[in-house]
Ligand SMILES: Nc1nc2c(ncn2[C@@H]2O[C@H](COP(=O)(O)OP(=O)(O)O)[C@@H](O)[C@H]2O)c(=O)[nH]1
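Next up: just one chain, as structure tokens, the form predicted alone.
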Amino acid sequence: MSDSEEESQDRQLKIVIIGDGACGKTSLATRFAQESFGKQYKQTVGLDFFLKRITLPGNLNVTLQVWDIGGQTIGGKMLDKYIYGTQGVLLVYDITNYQSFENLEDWFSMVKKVNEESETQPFVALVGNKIDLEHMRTVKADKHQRFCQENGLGSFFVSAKSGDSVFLCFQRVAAEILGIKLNKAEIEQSQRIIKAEIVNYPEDDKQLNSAHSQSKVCSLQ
């Protein structure tokens, strides 16, 4: 009895991350699994694999197998095998790269094709990455939301670089798959935001700001 009870409190889920190359899939996976961010871009060839254990309400331990699939595999023979049997899919695009958003139609079609005969369908979420580059956004939020509504997808905006909403994204996907409702406090607790804000003042304001922040000692440069 105790063995089965213990087993029921420890689950394993397969989460697949797909989308175009350079949209931040590996950065998203490493930010979640290792809480780190690599500044240099390195293309994923084929597949990378990450493991991370999280705890959901009810003291439920869940080990997430995160499959980071290289962007060039869209036409490859192995993609359907990577996707097969997954419980969750993250369709990731770069909010500053409109083409990466448009190409999600192809990625999503592959997910539907692989699972068309499955009794249980994976939970699929649309993830707009690089929100730390909001000023360079080319994919409007309403286009993102429309794609989600039309296809019945979950919706997230994250920054793998700053860590903004990354853990929350994986936590909510796992909870959704397992039919667990997260309360507001649990969501807020996991929404760790680490931002380095750069404020671009107009020249006049910048000089005024500088004058206020400096001491009254005049310095010549």
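Numbers follow the displayed sequence, beginning with 1. This is a predicted model, so every value here is computed, not measured.
The following text describes the form predicted together with the ligand, which does not appear among the structures shown.
Contact between Q171 and the ligand in the predicted complex is not found at the 4.5 Å heavy atom cutoff. Taking non-hydrogen atoms only, T26 approaches the ligand to within 4.5 angstroms in the predicted complex.
The ligand is not drawn, but in the predicted complex it has no heavy atom within 4.5 Å of L64.
Although the partner is absent here, A141 is not a contact residue: none of its heavy atoms lies within 4.5 angstroms of the ligand in the predicted complex.
Checking 149-157, 179-187, 48-56, 26-34 against the ligand in the predicted complex, the stretch whose residues place heavy atoms within 4.5 Å of it is 26-34. Using a 4.5 angstroms heavy atom cutoff to the ligand in the predicted complex, all of G21, K130 and L133 count as contacting.
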